[in-house]
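Next comes just one chain, in structure tokens: the form predicted on its own.
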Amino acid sequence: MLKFSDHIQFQDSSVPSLFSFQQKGREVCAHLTDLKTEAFKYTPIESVLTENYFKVSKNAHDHTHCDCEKKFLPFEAHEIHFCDGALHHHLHYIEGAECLSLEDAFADHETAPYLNKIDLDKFPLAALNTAYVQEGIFLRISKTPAKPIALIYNGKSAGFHNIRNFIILEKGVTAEIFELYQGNDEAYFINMVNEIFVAPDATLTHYLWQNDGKTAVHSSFNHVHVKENGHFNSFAFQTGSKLSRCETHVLLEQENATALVNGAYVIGSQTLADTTTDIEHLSAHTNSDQIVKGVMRDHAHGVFQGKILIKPGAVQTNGHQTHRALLLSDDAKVDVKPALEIYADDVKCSHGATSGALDEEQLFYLKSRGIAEDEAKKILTSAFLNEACEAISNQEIKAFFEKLSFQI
């Protein structure tokens, strides 16, 4: 059993199918002793999780005086809110989409075709999520929504916030999902899993802004299946929490499936931010691309682990990844572990990584034009980060992230 699981206070679901789902996760957790594996080599998540991170959230089911429904985003979106891991059940109507709470979806057997798609032995935090999941949504989109769908997670008190979402795009649909994680300085642990299914000719663009409280521990995992001519585009921006791990596993299952998995992180103090990606090309003529940019100040620690796997038969495939780091202090550090596994001929794959400091000549030029040094550093840092935003087609959301990168 994972060593911190003894602290978890757990309530079995009263829905038989969800209870069985939880049991399957606990069976896997029973033989997982710790997270000291290669995948967590640079991210010692267990060492920071104390008993406080597993208290029952005092506000979890009391929304009487909750202000989480106020508008947080500067663009129009359908907003769905969670507070301390609990779903606000007054779900808004979204034309062309079916949106259910996780318990209702299990009770109605809507989740049945989408279960058991994750190898829990390979992804221990997903196993932990399966074992203790109680909240989440089931979102099936059959018609292109008029505006993005925002999932907003608010951390207000210490505890284990454990959420599982199922997001299904039907054939030909185009949709945008924006996830915002925010919180106060309580010691909470959010362990999030999204299971995403992109049908043929469908396009999902997924955005994430991880801005949890500075003592929080954050793990979010997107497990994505992409069918023929389907597209999964993502951009993750990490700025908060004591330790964060944003992990994406994409399965390009049929011809002409594509994935664009970009990201950026800006961290300071003694924060650790981990970006982990694993893209599997399972069919011919599939394409993936990744650009991740990181900025570290003070004693911050950045981690990038990127893997591209080309399975036998996945010919005429393209897979590329790049990580660039900007170190703004002598005490900041970054660990980068790119990997290519290629078992097919006639493919184009590459990976690259660089790290360095701000260009002193550029900094001098801006200062010589009367710009204060702190402002000049912000300008150069923002310009460095914005390359990762360039592929965002929604101009409002692109402008939002570009403005955010300048303010932090």
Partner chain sequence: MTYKKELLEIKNLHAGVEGKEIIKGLNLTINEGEVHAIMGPNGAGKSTLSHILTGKPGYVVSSGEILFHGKNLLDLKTEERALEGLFLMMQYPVEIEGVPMMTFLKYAMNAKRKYQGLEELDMSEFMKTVRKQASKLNISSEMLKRAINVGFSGGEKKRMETLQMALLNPDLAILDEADSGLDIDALKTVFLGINALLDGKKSLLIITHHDDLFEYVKPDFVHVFSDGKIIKSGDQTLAFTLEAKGYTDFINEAKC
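Note that the structure is predicted; figures quoted are calculated from it, not measured. Numbering follows the first chain given and starts at 1.
Just so it is clear, the following notes concern the form predicted together with its partner chain, a form of the same protein that is not shown.
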* Asked: According to a 4.5 angstroms non-hydrogen atom cut-off, is residue 364 in contact with its partner chain in the predicted bound form?
  -> yes
* Is residue 370 close enough to touch its partner chain in the predicted bound form, meaning at least one heavy atom pair within 4.5 Å? -> yes
* State yes or no: in the predicted bound form, is some non-hydrogen atom of residue 383 no more than 4.5 angstroms from a non-hydrogen atom of its partner chain? => yes
* Any chance residue 375 has a heavy atom within 4.5 Å of its partner chain in the predicted bound form? -> yes
* Among 353-361, 336-344, 47-55, 34-42, mark the stretch whose residues have heavy atoms within 4.5 Å of its partner chain in the predicted bound form. => 353-361
